[in-house]
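As structure tokens, one chain now follows by itself in the form predicted on its own.
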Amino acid sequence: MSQWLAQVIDRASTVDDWLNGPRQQALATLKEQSWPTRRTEAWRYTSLHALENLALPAAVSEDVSAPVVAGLDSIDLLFVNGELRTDIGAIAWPEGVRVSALNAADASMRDAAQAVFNMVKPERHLFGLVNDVLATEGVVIDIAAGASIEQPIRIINLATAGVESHHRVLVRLGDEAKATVIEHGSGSGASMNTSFAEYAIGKKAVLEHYRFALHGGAVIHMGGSHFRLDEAAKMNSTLVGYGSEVSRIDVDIHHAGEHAFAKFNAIYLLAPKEHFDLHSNIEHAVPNGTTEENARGIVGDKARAVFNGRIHIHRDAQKTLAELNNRNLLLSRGGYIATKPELEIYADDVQCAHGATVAEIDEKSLYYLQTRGIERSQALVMLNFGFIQELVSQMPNRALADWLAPQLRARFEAMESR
């Protein structure tokens, strides 16, 4: 066990709140966990050396604010290092929405939270267990059955240098409800944070979801977004992740009801010497489910990307349709990508496919653009953006897509190997 994990267990013993029951269960499980090494399959390509004996610099006061997205009429909840800075009580919430800070939930909101907390996220996630025992800050969102919430709810969690923080999001959508939730995390100074979210999506409910994990620099970020779909529920999720010293995100989608539909698109962009690890797991436990998953990554010089995508078709999950595709682009031969798409099928009446590719920048295309008077740096931006444009264009929220485009172009410039 690492020194840091031993300290986590010691700190967890002092946490005592209304979630004490499930926290103690998680703590008991955490104590039994082994610290991942390169021999641990789920961490084979991601080293945790930087976290074993974590020593952060002294925290400094930073002036931070929520990023402005033109044309996005969202309800914003701002967290800094996991601590809520927004007055939830001052917000005029739409009818059918109840929202509470995790550490200030009343009896009814505690019931909503307990219906989701650790009921969606699998127990196997080591840093999910860390978040279970330490995350006293976060938000609970309860959408009533039949409610249709037009305004997106945006949860911004900014990480500042010198701070370790743990943050939790719990969302319950009632039957036939409809909502959009945006998780936005960013920061670049030396820090460590965990941020996990659980979504219980009721019958015929519709969730539009975004997660922007835009950490960089010396940040160590461990997070996850986890979804459970009841009968005929629908979700459309887009993940955009940057690399940092260590970034790891787990996505779990559990088809618990028939005729559920899940679409998951992921984009990850790594500047030189950064690391990003995305693990996705799709569980089709019942018949007639559909999953579409597409992940595309661009990896800079001496950067390291990891993708592991698993689709598990249970024995009773007949008539399942599931597709997984991972495409990667290396900006130099110094970059590295480990990709592992998996299909595990126990039913015989299904349609499933998976694939993965790794390629380099097409020098002929680059040369062609340069011969037309386009500078190399701009030509690289054009080729990179073209590689992921399909997934950006599939984002249902146009304001977010329009905001993201210049962010990605700026990111591409930082990724160029000089």
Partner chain sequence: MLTIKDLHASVEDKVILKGLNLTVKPGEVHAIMGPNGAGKSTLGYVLSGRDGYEVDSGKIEFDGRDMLGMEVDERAQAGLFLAFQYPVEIPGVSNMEFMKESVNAVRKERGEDPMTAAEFLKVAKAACQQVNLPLEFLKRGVNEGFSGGEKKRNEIMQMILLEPKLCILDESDSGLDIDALKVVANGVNSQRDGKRSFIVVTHYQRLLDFIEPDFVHILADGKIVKSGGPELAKEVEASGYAWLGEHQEASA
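Everything quoted here is computed from the prediction, not taken from an experiment. Positions refer to the first chain, counted from 1.
Beyond what is shown, the protein has a form predicted together with the partner chain; the following relates to that form.
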**Message:** So if I measure heavy atom distances to the partner chain in the predicted bound form, which of the stretches 44-52, 348-356, 58-66, 386-394 falls within 4.5 Å?
**Reply:** 386-394
**Message:** I'd like to check something about residue 29: if you look in the predicted bound form, is any of its heavy atoms closer than or equal to 4.5 Å to a heavy atom of the partner chain?
**Reply:** no
**Asked** Heavy atom to heavy atom, is residue 39 within 4.5 Å of the partner chain in the predicted bound form?
**Response** no
**Message:** Since only the chain is shown here, I'm wondering whether residue 367 would be in contact with the partner chain in the predicted bound form (any heavy atom pair within 4.5 Å).
**Reply:** yes
**Prompt:** For residue 371, is any heavy atom within 4.5 Å of the partner chain in the predicted bound form, or not?
**Reply:** yes
